[in-house]
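Just one chain is shown here, as structure tokens, and it is the form predicted on its own.
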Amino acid sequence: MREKISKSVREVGKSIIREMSIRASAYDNVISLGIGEPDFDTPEEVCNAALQDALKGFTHYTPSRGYEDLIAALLDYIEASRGLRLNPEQLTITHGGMGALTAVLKAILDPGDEVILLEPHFPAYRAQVAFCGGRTVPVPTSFEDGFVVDPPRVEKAITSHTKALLINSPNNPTGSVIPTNVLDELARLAVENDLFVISDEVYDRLVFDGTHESIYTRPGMRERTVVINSFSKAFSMTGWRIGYCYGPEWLIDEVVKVATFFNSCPNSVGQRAALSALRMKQTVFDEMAAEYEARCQLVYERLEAMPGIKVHPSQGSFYLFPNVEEIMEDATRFALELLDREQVVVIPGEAFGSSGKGCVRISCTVNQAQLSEAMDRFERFVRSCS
């Protein structure tokens, strides 16, 4: 009966990130640097406000686009933080950032359409494109270049079937940020080749040097770019499942149509929590971002001092992506033996595309004391392999 399963589903493998978590459950005293989920709880003020709104009756279906007061608050937030003034019709609330990505891809892809992905990339991109009938075309990057894409490689990957370019900055898994000049070149290619651009900016508040830049602001990009964002990472609200996206009104209308038939509407209580998060003083979230930066710096300094490990400092997000090939050529074997011998979880780089070969992803989503202990174990393992 297996052949009756959709080919697009059969051809997508299981999540390596989840598989590593399942393996780790068999061990005691594990320190997991595997899942990209904030360890901070949602602020109590946000939880209490959501609870009070639930008690007031905010437990029913909501408008397909989301509550009007949340949309208005988001428009103000985007203007204040990004200098962009949008109309309400240009934005919709979604079931997490993943829900936004699904709806956008379903709205634009026909069977056989190609989506260019910059490697390494979040593994769900490949699966989502496949489930929506498209084909992914990976464009490689390298450790030596800091995992920054060379625009001529993107240009070479464009064909008559290319429908969209999907980018993510700050990047999961590498912690890299796309430089200004590269964003300019990618925007030029999108305009010249009439491509959609999907810009995943869920880590936009976690930029450690300077301020976040978006391809959306480049000439000619507002009519062809959809920005995807979420409350999950920067606001520590993963379980509330509230995301959003904005772009040209005519496209967002179609995204809302797709989301309506897939999910009916974004959940009510999660939206009330998101509204509270936007209305409260932002210092608590700024402090979270500063803590992630400090953690990433701690791990970078420890890794840089280890023999055989090559690593770039994280420019944003809460990830580092060290190269371990000098220690063990097979990064999957490295990750499995590290778990077995030292009970530390990291994710093999190949989970994020072939450009991740030889690397492992480290999520700095435990406190600094646990990170220090994890690095002690990591270093002991590395030295034992020499």
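Quick note: we count residues from 1 along the sequence shown, nothing fancier. Because the structure is predicted, anything quoted here is derived from the model rather than measured.
The protein also exists as the form predicted in complex with a small molecule; that form is not presented, and the subsequent description refers to it.
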task: May I ask you to choose, among F122, F147, Y216, Y300, the residue with a heavy atom within 4.5 Å of the small molecule in the predicted bound form?
output: F122
- line: Exactly one of A277, V202, V104, I93 comes within 4.5 Å of the small molecule in the predicted bound form through a heavy atom, and that residue is V202
query: What stretch, of 129-137, 230-238, 147-155, 259-267, brings heavy atoms to within 4.5 Å of the small molecule in the predicted bound form?
result: 230-238
query: Would the small molecule in the predicted bound form be within 4.5 angstroms of a non-hydrogen atom of every residue among M98, N168 and N172?
result: yes
